[in-house]
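Only one chain is given next, in structure tokens, and it is the form predicted alone.
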């Protein structure tokens, strides 16, 4: 339900600048705001982006000009205030039984021994969850999903805020993991929930063993991810993408529809789709990368030939001088 900024200001000890009648519905990160969002900003570099975003209310550490349709909540430490709200409205609740009484399990779904199903988890029909898998709070799983043994889904985001003394504080995660229909998750996979939004595995996508999906990642439909792929937070993998083993993909980028990333590649920036193939570190189109690899292998012979030519030139020069 919408919450009054007056109640929020009282909870976090904030001074209100702007329309105090505004109500908010979501706690949101800066890149996921919409109308009704409450977000925080504590870096002057992002003041303008925040104030002129779709967010309705902003927790901030400085009085700045504010549009009439927004409200500022002034506090000394916006991050701590945001975290306090996240914990207050989405507190930790321990799992007290293998299957929480608040979980909803569909028909013909099989949970093998050792499976743990957390609070408010929803599992669809005709699913198979293999032994010792953990489905943490608020995870939502569609129909005809297979999750192999020892996977852990819905873990807290690995999202830290560095403090002035060099230590780190964890952002309290209030997002979810959503796994759509006909997905298969391999053994020993780990999938983190979003900080404020959802981590999504699209319909028909298949994950091999030991794949890690970071917080807020969105993977499209009918993708294939081989073993030991790691995807950092907030990245978008569009539909029909194939990712071979041990590929590492950096945070907050886009892998275009139909792209193929070959084994052991490192992807530090967004790459287009269009059925193109990528390889190497940093990843590039395979045709040009393979030419580079061939050229590098030929480099020692080239250097040797160049040295021989220079030696011959200087030897001839010495003879001429004599």
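Numbering follows the first chain given and starts at 1. Between two forms, the rigid core is the largest collection of C-alphas that superpose within 1.5 Å. Every value quoted in this text rests on a predicted model; they were computed, and no experiment measured them.
A second form of this protein, the form predicted together with another copy of the chain, is not displayed here; the remarks below concern that form.
Visitor: How about residue 103: is it within 4.5 Å of another copy of the chain in the predicted complex, going by heavy atoms?
Guide: The answer is no: residue 103 has no heavy atom within 4.5 Å of another copy of the chain.
Visitor: With the cut-off set at 4.5 Å between non-hydrogen atoms, does residue 253 touch another copy of the chain in the predicted complex?
Guide: No, no contact at 4.5 Å.
Visitor: Taking the shortest heavy atom distance, is residue 10 within 4.5 Å of another copy of the chain in the predicted complex?
Guide: So residue 10 does not count as contacting another copy of the chain.
Visitor: Please run the contact check for residue 305 against another copy of the chain in the predicted complex: heavy atoms, 4.5 angstroms, yes or no?
Guide: Residue 305: contacts another copy of the chain in the predicted complex.
Visitor: Going by heavy atoms within 4.5 Å, which of 28 to 36, 42 to 50, 279 to 287, 66 to 74 lines up against another copy of the chain in the predicted complex?
Guide: Going through the listed ranges, the match is 279 to 287.
Visitor: Please tell me which of 138, 144, 210, 83 lies within 4.5 Å of another copy of the chain in the predicted complex, judged by heavy atoms.
Guide: Contact check passes for 210.
Visitor: Scan 151, 238, 122, 235 and let me know which has any heavy atom within 4.5 Å of another copy of the chain in the predicted complex.
Guide: The residue from 151, 238, 122, 235 that makes the contact is 151.
Visitor: For the heavy atom contacts within 4.5 Å of another copy of the chain in the predicted complex, list the residues of 262 to 295 involved, in sequence order.
Guide: Result: 264, 265, 266, 281, 282, 291, 292, 293, 295.
Visitor: C-alpha of residue 304: shift of 2 angstroms or more between this form and the one not shown, rigid core aligned?
Guide: Yes, shifts by 2 Å or more.
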